[in-house]
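As structure tokens, one chain now follows by itself in the form predicted on its own.
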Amino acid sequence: MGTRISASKVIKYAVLVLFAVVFLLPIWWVMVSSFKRDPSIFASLMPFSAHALWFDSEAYLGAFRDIIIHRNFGRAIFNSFFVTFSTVFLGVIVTSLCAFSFSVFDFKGKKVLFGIVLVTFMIPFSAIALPLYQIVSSLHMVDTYWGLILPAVANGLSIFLFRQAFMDIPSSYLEAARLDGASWPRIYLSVYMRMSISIIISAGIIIFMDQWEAFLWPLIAGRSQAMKVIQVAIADLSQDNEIFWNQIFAACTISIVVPVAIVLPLQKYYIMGISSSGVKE
């Protein structure tokens, strides 16, 4: 019996490793290719050789230098960091406050409004891009940081996660705080937010990934070179007459490494937050 269990585990882990290799191999190839010159990249692809998956004898850093110095990619990196982290900060505050009102207060139309919130994260962004642009344009926020940040602050999925977590907090905590004379802001911060750290991290990661990977809205709302984010700057590296492949791979490497470095250490809390947010009434 022990041998059978051991064999099943070996097979399970072998399958998991196989899937990991299949999914991670293209990312590894992109990262390796970012340290090569274009001729070296294609020399090992046609025909394919194992050298395509490994570095040259001397690593070429020119692609990173070119995108930072000549392609103004440093500005795009700054824009992505500023827009993303500003959205995460404001988004966690706004969505948690919204969820707090849904979970604590009773008011007319509460269920209808929450149903609308659920519908919002099921609608593809492309369906609302044009009316959203008209609103942002009427507020004179096109080609500004506010125009890139504010539309992404009210995240429906984040509201849902916070609401489910807040409803799981026993009402006795709320009653005790009210008897002690605590104000609503204090109850929100000291009771509900303090007991929802994993949800804060989960919601923050969701908002972070949505904003970091956003392409369509930054392309529409950020017209000038000074407002471009990473995803739009990568698209600009592909031109009509020439495609700078090693520069594209270098830019993609940067855009991959940043979220991995942030999300990987927090994945335990992210899983805890998602798994704890069951359906509650």
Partner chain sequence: MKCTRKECYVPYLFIIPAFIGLITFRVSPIVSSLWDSFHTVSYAGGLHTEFSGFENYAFALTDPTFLNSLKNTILFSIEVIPLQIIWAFALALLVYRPAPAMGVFRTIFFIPFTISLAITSTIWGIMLNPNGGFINSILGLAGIGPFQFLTSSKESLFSIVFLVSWRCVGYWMIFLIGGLQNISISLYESAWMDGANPIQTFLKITLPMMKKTILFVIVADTTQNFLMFTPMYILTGGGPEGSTNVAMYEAYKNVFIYADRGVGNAMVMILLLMILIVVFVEFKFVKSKD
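Rigid core here is just the name for the largest C-alpha set that superposes within 1.5 Å across the two forms. This one's a predicted model, so the numbers in the text were calculated from it and none came from an experiment. Residue numbers count along the first chain shown, from 1.
Absent from the display: the form predicted in complex with the partner chain. The rest refers to it.
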Contact stretch among 77-85, 193-201, 162-170, 149-157 - heavy atom within 4.5 Å of the partner chain in the model of the complex
149-157
At 4.5 angstroms, heavy atoms only, are Leu16, Val117 and Pro259 all close to the partner chain in the model of the complex?
yes
Students should find that, of Leu45, Ala226, Ile69, Ala59, the residue having a non-hydrogen atom no more than 4.5 angstroms from the partner chain in the model of the complex is Leu45
With the cut-off set at 4.5 Å between non-hydrogen atoms, does Val10 touch the partner chain in the model of the complex?
no
Determine whether any heavy atom of Ser101 comes within 4.5 Å of a heavy atom of the partner chain in the model of the complex, and answer yes or no.
yes
With the partner left out here, check for me: in the model of the complex, does some heavy atom of His140 sit within 4.5 Å of the partner chain?
no
The partner chain contact at Gln239 in the model of the complex, heavy atom, 4.5 Å
yes
Going by heavy atoms, what in 95-114 lies within 4.5 angstroms of the partner chain in the model of the complex?
Leu97, Cys98, Phe100, Ser101, Phe102, Val104, Phe105, Asp106, Phe107, Lys108, Leu113
Rigid-core frame, C-alpha of Val17, shift of 2 angstroms or more between this form and the one not shown:
yes
